[in-house]
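Listed next as structure tokens is one chain, alone, in the form predicted on its own.
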Amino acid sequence: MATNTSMHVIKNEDPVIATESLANDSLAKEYFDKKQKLDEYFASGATQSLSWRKRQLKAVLSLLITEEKAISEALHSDLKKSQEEAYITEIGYLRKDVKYLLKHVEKWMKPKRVGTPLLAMPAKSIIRPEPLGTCLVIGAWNYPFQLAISPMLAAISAGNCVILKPSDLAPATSALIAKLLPKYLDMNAVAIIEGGKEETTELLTLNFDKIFFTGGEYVGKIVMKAAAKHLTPVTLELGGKSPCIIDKNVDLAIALNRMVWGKLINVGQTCIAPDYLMVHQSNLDNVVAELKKVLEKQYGKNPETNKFYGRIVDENHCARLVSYLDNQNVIFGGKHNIKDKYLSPTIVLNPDNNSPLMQEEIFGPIIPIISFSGRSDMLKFITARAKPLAAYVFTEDKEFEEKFIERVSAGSVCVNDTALFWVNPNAPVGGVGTSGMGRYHGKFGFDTFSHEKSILKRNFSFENSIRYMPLNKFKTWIFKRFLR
């Protein structure tokens, strides 16, 4: 059993935004003025050209190459990420992201010809993507560089101005973003606001053309409530408890290596990490034994000294995770040092379903294993809960695979692996239900920050008076023929 802790513990939701304005007049005026300047620059049309968009994207690519060391050092300071993990999950990911945007943005910008109904002929119909205006991007602390810059890139590729708010829980990365972006980007179109609850709350009083938020459900509701006052569209990239089924008769060594990679990268602080495992009771002992081997193989007998095993973002979050182990059946790990923000990879067997461990998104290196007597029970357990951001199944049974995909509603589903769908720019990432709304990545990010304006063009060469008043039986008959 894990020992009790008397430390103050917070839930897995940081009160980073107040529910109403904190009435800071100086901040309110400063932010209003910043946004107004961005609005004016957007209205000038400067951000709409292909050349402007490509210049900004190329500048970010140059930043990622030139400043790689500084970015890695900031991520190590905030989360003790290794240089290798920082590159794979943040710097390299963004390099691939921006190159994809550069390759495709010209095509995405072009108007698309669509069909026109006979009733409107002769005419042509066009859909033209246009930028929304000035957008607010609120980043997250778990991938503090990637989750701030990636949505900003999508907004810029669509021709918008952006106010970027990095997470204050990753102060080194936030400060670096504020330092670096002015060296590379057109700061007539971009503003960076650092700070915490007070700053974010004041920002949300402004009337943006789009808000993009990455974080948890609790704060997501506050963002949406603030946006509703201005009817501002929002994209909410949230999270949830992503299930992972380990079916019978799969190669456990491969399955659990893949699961552990997806679960423990960034020490479990990933919104799409497998949150809990579901295992048939006849296979439970085998899964537990193999999982212990895999954990030691990937992170060693003492993960605390392993450079590829980072740290929890702060002491409060570490204390929260340790508290989840109270009165649970901890069968592996559980070692912790809250001052060092360290918690070892930990396995909990059949946790109490009403405990915080199973009621809240874990966002840490704890792996609950739940045993079931049959597949139907597993699916019922998953579908009775809130819709997750991701759902995972390891199985060789194609019929069960299809049943899982059909029955389980989730932002994304991954079969026989974890998290890899995130690197595919051709597929959207986004939640459903309480795990979020809206989507981004690749073309989907461009679309998120664009409005598809429909245009109908006619000329004066043909005139038909059938639609004009007054109507008569013949005109009505014509309309009925076309409008069936």
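Start at 1 and count along the sequence shown; that's the residue number. Since the structure is predicted, the reported quantities are computational estimates derived from the model, not experimental observations.
Only in words, not in the display: the form predicted together with nicotinamide-adenine-dinucleotide (NAD), which the text now covers.
Shown without its partner, this chain lists G195, G92, P129, P233 as candidates; in the predicted bound form, only G195 has a non-hydrogen atom within 4.5 angstroms of nicotinamide-adenine-dinucleotide (NAD). Interface residue among P365, G239, G411, P274, judged by heavy atoms within 4.5 Å of nicotinamide-adenine-dinucleotide (NAD) in the predicted bound form: G239. In the predicted bound form, nicotinamide-adenine-dinucleotide (NAD) sits within 4.5 Å of a heavy atom of L147. Within this chain, E360 is remote from the site of nicotinamide-adenine-dinucleotide (NAD) in the predicted bound form, having no heavy atom within 4.5 Å. When nicotinamide-adenine-dinucleotide (NAD) is considered in the predicted bound form, K165 lines it closely, a heavy atom lying within 4.5 Å. At the 4.5 Å threshold, heavy atoms of F444 stay clear of nicotinamide-adenine-dinucleotide (NAD) in the predicted bound form, well away from it.
Contact with nicotinamide-adenine-dinucleotide (NAD), judged by heavy atoms within 4.5 Å in the predicted bound form, is confined among 274-282, 208-216, 368-376, 302-310 to 208-216. Looking at 131-148, the residues that come within 4.5 Å of nicotinamide-adenine-dinucleotide (NAD) in the predicted bound form, counting any heavy atom, are I138, G139, A140, W141, N142, L147.
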